[in-house]
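Take a look at this single chain, the form predicted alone, given in structure tokens.
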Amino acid sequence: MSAVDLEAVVKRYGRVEAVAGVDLSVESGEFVTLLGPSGCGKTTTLQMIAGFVIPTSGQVRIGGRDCTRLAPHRRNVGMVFQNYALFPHMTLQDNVAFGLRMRGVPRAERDRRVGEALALVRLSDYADRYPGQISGGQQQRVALARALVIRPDVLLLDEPFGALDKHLRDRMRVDLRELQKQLGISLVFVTHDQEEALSMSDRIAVMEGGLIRQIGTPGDIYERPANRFVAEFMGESNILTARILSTSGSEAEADAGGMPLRLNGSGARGDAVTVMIRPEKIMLGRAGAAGAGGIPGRVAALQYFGSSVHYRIALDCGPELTVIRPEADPVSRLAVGDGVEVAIPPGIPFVIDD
């Protein structure tokens, strides 16, 4: 039985359709991320699972039970918000215990479960402190403990790391993923951060315009995007128009403005197709270097990112490509104006739906 099922879920606010018909199943113990830009409908979808928003149409089921119009406190879901929503006048122990008190859990059982929840997030020694006396990362862990202590059927997180600095975000990603695996809990996570989604999820649902545009594993979403929106949203990509010259099985020879390509995809001879090439898959060398033998061009611009260098390469045949190379790669000593050659391995260019 699925932990969460959404069936043709729609939410309208007057003439605005925030969610335009979402179908989604989250399996027991699965980590699913709703990913997309601001205004795409991901938070509204999460709030319909939680019960804070009632769908205009469609059905929400949790553990097989129809919860479409059920009040939030009757759904047995845990929710973690971006702003933590901790009570500043309560100790951490009392914050975590709040949901149990509202459910009438006896004092002895409540104390035991609060102790277990604080231990899970490594805050047992901070039980008597107040939210204002701990760091932002620790506050987020208290919010997580408060959501877990009620033993929810599903855990919902809405941009939970948005207020944290990069170091803390990276640490919290690891902590949350390990905790989710340890408990075997079903989790639905909302973010606009592609790196966050790729590094944590079992599956990612990419949303745009109130719809799920693609759902799949992180590898599927990144390597085989279903359409141009997904390809461009999921990190850096080169999007080109190519014309098919010949086909053989699931591959095709094509030309993109004078640049020869061997595509992962097929079509009829003469067809114009939209092609995605991930910039880290492109080979780059100095012009005339031994064994280069690629397509000539020059460095039009570059950006240094510490661990990598992003190049904008203007090819002699016309197109421009973004190429990403590790900073440790000797070729990363290139400068603007240097002559280069690029090579694109067969099968790397991927045909997408435009």
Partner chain sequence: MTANPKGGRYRAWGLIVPTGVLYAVTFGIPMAMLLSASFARFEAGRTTPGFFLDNYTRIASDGVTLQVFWNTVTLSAQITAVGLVVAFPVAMLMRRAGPGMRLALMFVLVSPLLTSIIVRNVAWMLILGRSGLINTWLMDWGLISSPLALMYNRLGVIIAVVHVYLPFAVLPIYAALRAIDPARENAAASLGAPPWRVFVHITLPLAMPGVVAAFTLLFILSMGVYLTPVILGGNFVVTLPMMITDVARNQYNWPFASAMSVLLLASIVVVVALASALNRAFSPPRND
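Positions refer to the first chain, counted from 1. Values in this document were obtained by computation on a predicted structure and should not be read as measured data.
There is another form of the same protein, the form predicted together with the partner chain; it is not shown, and what comes next is about it.
Partner contacts here mean any heavy atom within 4.5 Å of the partner chain in the predicted bound form, and among 254-262, 170-178, 185-193, 93-101 they occur only in 93-101. The closest non-hydrogen atom of H73 lies within 4.5 Å of the partner chain in the predicted bound form. At the 4.5 Å threshold, heavy atoms of M79 reach the partner chain in the predicted bound form. For A85, a non-hydrogen atom is located within 4.5 Å of the partner chain in the predicted bound form, even though that partner is not displayed. Among heavy atoms of P106, none comes within 4.5 Å of the partner chain in the predicted bound form. Within 4.5 Å of the partner chain in the predicted bound form, a heavy atom is found for not a single one of R203, N227 and F229.
The listed set I277, L155, V121, I150 contains one residue whose heavy atoms approach the partner chain in the predicted bound form to within 4.5 Å, identified as I150. For the residues R112, R269, H89, K166, the 4.5 Å heavy atom test against the partner chain in the predicted bound form is passed only by H89.
Within 4.5 angstroms of the partner chain in the predicted bound form, the stretch 108-137 places a non-hydrogen atom from each of Y130, G132, Q133, taken in sequence order.
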